[in-house]
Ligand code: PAF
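One chain follows as C-alpha coordinates, the form predicted alone.
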(Lines give C-alpha, C1' and ligand atoms only; values in the text may rest on other atoms or scores of the structure.)
Protein backbone atom coordinates (compact mmCIF):
# COMPACT_ATOMS: atom_id res chain seq x y z
CA UNK A 1 0.00 0.00 0.00
CA UNK A 2 1.05 3.62 -0.47
CA UNK A 3 0.87 6.11 2.40
CA UNK A 4 0.84 9.90 2.09
CA UNK A 5 1.92 12.40 4.74
CA UNK A 6 0.76 15.89 3.65
CA UNK A 7 2.90 18.69 5.13
CA UNK A 8 3.68 22.34 4.57
CA UNK A 9 7.36 21.82 5.26
CA UNK A 10 9.48 23.14 8.14
CA UNK A 11 9.62 19.53 9.29
CA UNK A 12 10.47 18.48 12.85
CA UNK A 13 10.34 15.38 15.06
CA UNK A 14 6.54 15.46 15.00
CA UNK A 15 6.54 15.02 11.24
CA UNK A 16 9.18 12.31 11.56
CA UNK A 17 6.85 10.40 13.89
CA UNK A 18 4.19 10.46 11.16
CA UNK A 19 6.69 9.21 8.58
CA UNK A 20 7.90 6.43 10.87
CA UNK A 21 4.32 5.32 11.48
CA UNK A 22 3.74 5.28 7.72
CA UNK A 23 6.90 3.28 7.14
CA UNK A 24 5.76 0.70 9.69
CA UNK A 25 2.71 0.18 7.47
CA UNK A 26 4.18 0.41 4.00
CA UNK A 27 7.34 0.41 1.92
CA UNK A 28 5.96 3.30 -0.13
CA UNK A 29 5.81 6.53 1.88
CA UNK A 30 5.21 9.83 0.11
CA UNK A 31 5.79 13.11 1.95
CA UNK A 32 4.28 16.12 0.21
CA UNK A 33 5.55 19.62 1.00
CA UNK A 34 3.26 22.38 -0.19
CA UNK A 35 2.40 25.66 1.51
CA UNK A 36 -1.26 25.90 0.66
CA UNK A 37 -2.33 29.55 0.23
CA UNK A 38 -6.03 28.67 0.58
CA UNK A 39 -5.71 27.98 4.32
CA UNK A 40 -4.02 31.26 5.27
CA UNK A 41 -5.82 34.43 6.22
CA UNK A 42 -3.54 36.73 4.23
CA UNK A 43 -0.32 36.95 2.23
CA UNK A 44 1.59 38.23 5.26
CA UNK A 45 0.91 34.99 7.14
CA UNK A 46 2.09 32.96 4.15
CA UNK A 47 5.30 34.99 3.99
CA UNK A 48 5.97 34.37 7.69
CA UNK A 49 5.57 30.61 7.43
CA UNK A 50 9.00 29.01 8.03
CA UNK A 51 10.74 27.32 5.12
CA UNK A 52 13.65 24.86 5.26
CA UNK A 53 13.53 22.68 2.12
CA UNK A 54 17.03 21.19 2.37
CA UNK A 55 16.57 20.25 6.02
CA UNK A 56 13.09 18.92 5.22
CA UNK A 57 14.53 16.51 2.68
CA UNK A 58 17.13 15.33 5.18
CA UNK A 59 14.66 14.80 8.03
CA UNK A 60 12.07 13.08 5.84
CA UNK A 61 14.66 10.75 4.34
CA UNK A 62 16.10 9.84 7.74
CA UNK A 63 12.61 9.01 9.01
CA UNK A 64 11.94 6.65 6.11
CA UNK A 65 10.22 8.61 3.34
CA UNK A 66 10.67 6.95 -0.03
CA UNK A 67 9.46 9.97 -2.03
CA UNK A 68 9.48 13.66 -1.18
CA UNK A 69 7.18 15.65 -3.42
CA UNK A 70 7.39 19.43 -3.56
CA UNK A 71 4.77 20.49 -6.12
CA UNK A 72 4.43 24.05 -7.34
CA UNK A 73 1.17 25.98 -7.22
CA UNK A 74 0.18 25.16 -10.82
CA UNK A 75 0.62 21.46 -10.21
CA UNK A 76 -1.87 21.52 -7.34
CA UNK A 77 -4.20 24.13 -8.84
CA UNK A 78 -3.74 23.96 -12.63
CA UNK A 79 -6.93 25.88 -13.37
CA UNK A 80 -9.54 27.94 -11.59
CA UNK A 81 -9.84 26.81 -7.98
CA UNK A 82 -13.12 25.30 -6.91
CA UNK A 83 -12.92 25.53 -3.15
CA UNK A 84 -14.58 22.65 -1.35
CA UNK A 85 -16.82 23.15 1.68
CA UNK A 86 -15.70 21.51 4.91
CA UNK A 87 -18.14 19.91 7.34
CA UNK A 88 -20.19 21.95 9.82
CA UNK A 89 -17.47 21.44 12.41
CA UNK A 90 -15.35 23.85 10.35
CA UNK A 91 -17.41 26.78 11.64
CA UNK A 92 -16.39 26.16 15.24
CA UNK A 93 -13.36 27.25 17.29
CA UNK A 94 -10.37 27.26 14.93
CA UNK A 95 -12.72 27.69 11.98
CA UNK A 96 -14.55 30.58 13.66
CA UNK A 97 -11.25 32.33 14.34
CA UNK A 98 -9.93 31.65 10.84
CA UNK A 99 -12.89 31.83 8.42
CA UNK A 100 -12.38 29.69 5.33
CA UNK A 101 -9.32 27.97 6.79
CA UNK A 102 -10.77 24.47 6.82
CA UNK A 103 -12.32 24.90 3.37
CA UNK A 104 -8.76 25.49 2.19
CA UNK A 105 -7.55 22.43 4.06
CA UNK A 106 -10.11 20.01 2.60
CA UNK A 107 -9.58 21.49 -0.87
CA UNK A 108 -5.83 20.85 -0.86
CA UNK A 109 -6.16 17.45 0.83
CA UNK A 110 -8.66 16.41 -1.83
CA UNK A 111 -6.26 17.54 -4.57
CA UNK A 112 -3.34 15.68 -2.98
CA UNK A 113 -5.44 12.53 -2.79
CA UNK A 114 -6.48 12.94 -6.45
CA UNK A 115 -2.87 13.27 -7.61
CA UNK A 116 -1.04 10.79 -5.35
CA UNK A 117 -3.90 8.28 -5.03
CA UNK A 118 -2.68 6.90 -1.68
CA UNK A 119 -4.41 4.09 0.13
CA UNK A 120 -3.83 5.80 3.49
CA UNK A 121 -2.86 9.24 4.77
CA UNK A 122 -1.43 10.16 8.15
CA UNK A 123 -2.04 13.36 10.11
CA UNK A 124 -0.96 14.52 13.56
CA UNK A 125 -3.41 14.83 16.43
CA UNK A 126 -1.99 18.24 17.35
CA UNK A 127 -4.39 19.65 14.76
CA UNK A 128 -7.24 17.57 16.18
CA UNK A 129 -10.10 19.61 14.75
CA UNK A 130 -8.46 19.39 11.33
CA UNK A 131 -8.10 15.62 11.74
CA UNK A 132 -11.81 15.23 12.53
CA UNK A 133 -12.80 17.42 9.58
CA UNK A 134 -10.64 15.34 7.24
CA UNK A 135 -12.31 12.19 8.61
CA UNK A 136 -15.65 13.83 7.74
CA UNK A 137 -14.60 14.11 4.07
CA UNK A 138 -15.47 10.40 3.86
CA UNK A 139 -12.75 9.77 1.32
CA UNK A 140 -11.81 6.29 0.14
CA UNK A 141 -8.38 7.02 1.62
CA UNK A 142 -7.88 5.61 5.11
CA UNK A 143 -7.20 8.47 7.54
CA UNK A 144 -4.87 7.73 10.46
CA UNK A 145 -4.09 10.04 13.38
CA UNK A 146 -0.81 9.95 15.30
CA UNK A 147 -0.45 11.30 18.86
CA UNK A 148 1.12 14.72 19.36
CA UNK A 149 4.89 14.77 19.81
CA UNK A 150 6.00 17.10 22.60
CA UNK A 151 9.16 18.85 23.75
CA UNK A 152 10.80 18.09 27.10
CA UNK A 153 8.41 20.48 28.91
CA UNK A 154 5.25 19.32 27.15
CA UNK A 155 4.99 21.99 24.45
CA UNK A 156 3.53 20.48 21.28
CA UNK A 157 6.06 20.51 18.46
CA UNK A 158 5.03 22.92 15.72
CA UNK A 159 6.72 24.52 12.74
CA UNK A 160 5.64 27.90 14.16
CA UNK A 161 7.59 27.43 17.40
CA UNK A 162 10.77 28.71 15.75
CA UNK A 163 9.17 32.16 15.62
CA UNK A 164 8.86 32.37 19.41
CA UNK A 165 11.26 34.54 21.41
CA UNK A 166 13.15 32.96 24.31
CA UNK A 167 10.63 34.39 26.77
CA UNK A 168 7.72 33.42 24.50
CA UNK A 169 8.97 29.84 24.36
CA UNK A 170 8.81 29.69 28.16
CA UNK A 171 5.31 31.22 28.21
CA UNK A 172 4.08 28.72 25.63
CA UNK A 173 4.37 25.91 28.17
CA UNK A 174 1.31 27.30 29.99
CA UNK A 175 -0.90 25.60 27.39
CA UNK A 176 0.36 22.13 28.23
CA UNK A 177 0.42 22.85 31.98
CA UNK A 178 -3.23 23.92 31.91
CA UNK A 179 -4.40 20.76 30.14
CA UNK A 180 -2.23 18.38 32.14
CA UNK A 181 -3.43 19.88 35.42
CA UNK A 182 -7.07 19.47 34.37
CA UNK A 183 -6.86 16.03 32.80
CA UNK A 184 -7.94 13.99 35.83
CA UNK A 185 -10.39 16.50 37.33
CA UNK A 186 -13.58 14.79 38.56
CA UNK A 187 -15.99 17.07 36.67
CA UNK A 188 -16.03 19.26 33.58
CA UNK A 189 -16.65 22.36 35.68
CA UNK A 190 -13.58 21.72 37.82
CA UNK A 191 -11.44 20.88 34.79
CA UNK A 192 -12.52 24.09 33.06
CA UNK A 193 -11.77 26.14 36.18
CA UNK A 194 -8.29 24.61 36.40
CA UNK A 195 -7.60 25.42 32.75
CA UNK A 196 -8.85 29.00 33.08
CA UNK A 197 -6.93 29.62 36.30
CA UNK A 198 -3.69 28.17 34.95
CA UNK A 199 -3.86 30.16 31.72
CA UNK A 200 -4.50 33.38 33.64
CA UNK A 201 -1.17 33.00 35.46
CA UNK A 202 0.80 33.78 32.31
CA UNK A 203 0.22 37.24 30.88
CA UNK A 204 2.32 36.40 27.82
CA UNK A 205 -0.39 34.14 26.42
CA UNK A 206 -3.32 35.85 24.70
CA UNK A 207 -6.03 33.18 24.81
CA UNK A 208 -8.48 32.80 21.94
CA UNK A 209 -10.38 29.79 23.28
CA UNK A 210 -9.83 27.17 25.97
CA UNK A 211 -12.71 24.72 26.28
CA UNK A 212 -13.49 21.04 26.72
CA UNK A 213 -15.40 19.47 23.85
CA UNK A 214 -16.92 16.22 22.68
CA UNK A 215 -14.29 14.76 20.35
CA UNK A 216 -16.85 13.55 17.83
CA UNK A 217 -18.69 16.77 16.99
CA UNK A 218 -16.89 19.51 18.98
CA UNK A 219 -20.00 20.36 20.97
CA UNK A 220 -19.25 21.40 24.56
CA UNK A 221 -18.57 18.31 26.65
CA UNK A 222 -20.63 17.33 29.67
CA UNK A 223 -19.72 14.97 32.48
CA UNK A 224 -21.49 12.17 30.59
CA UNK A 225 -19.57 12.73 27.34
CA UNK A 226 -17.61 9.57 26.55
CA UNK A 227 -14.59 11.15 24.90
CA UNK A 228 -13.73 14.62 26.16
CA UNK A 229 -10.87 16.73 24.85
CA UNK A 230 -9.49 20.08 25.95
CA UNK A 231 -8.70 22.38 23.03
CA UNK A 232 -6.72 25.59 23.46
CA UNK A 233 -5.59 28.28 21.03
CA UNK A 234 -4.06 31.71 21.35
CA UNK A 235 -1.11 33.95 20.58
CA UNK A 236 2.37 34.41 22.01
CA UNK A 237 4.71 36.93 20.37
CA UNK A 238 2.07 37.26 17.66
CA UNK A 239 2.45 33.54 16.86
CA UNK A 240 -0.74 31.46 16.92
CA UNK A 241 -0.38 28.23 18.86
CA UNK A 242 -2.93 25.43 19.21
CA UNK A 243 -2.97 22.24 21.27
CA UNK A 244 -5.32 19.64 22.69
CA UNK A 245 -5.42 16.78 25.14
CA UNK A 246 -7.82 13.92 25.93
CA UNK A 247 -9.42 14.47 29.33
CA UNK A 248 -9.82 11.57 31.75
CA UNK A 249 -7.75 8.57 32.73
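No experiment lies behind these values; they were computed from the predicted model shown. Residue numbers count along the first chain shown, from 1.
FYI, the form predicted together with ligand PAF isn't displayed, but the following is about it.
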Spell out, yes or no, whether the shortest heavy atom distance between residue 7 and ligand PAF in the predicted bound form is within 4.5 Å.
-> yes
Contact of residue 130 with ligand PAF in the predicted bound form (heavy atom, 4.5 Å) | yes
Applying a 4.5 Å heavy atom distance criterion, does residue 156 contact ligand PAF in the predicted bound form?
-> no
Non-hydrogen atom contact residue 192 with ligand PAF in the predicted bound form at 4.5 angstroms | no
Partner-free chain; cross-checking ligand PAF in the predicted bound form, the single residue of 105, 89, 174, 121 with a heavy atom within 4.5 Å is 105
Answer key: of 66, 52, 36, 26, within 4.5 Å of ligand PAF in the predicted bound form (heavy atoms) is 36
Pick from 161 to 169, 147 to 155, 81 to 89, 122 to 130: which stretch has a heavy atom within 4.5 Å of ligand PAF in the predicted bound form?
-> 122 to 130
Those residues of 186 to 201 which, in the predicted bound form, come within 4.5 Å of ligand PAF by heavy atom = none
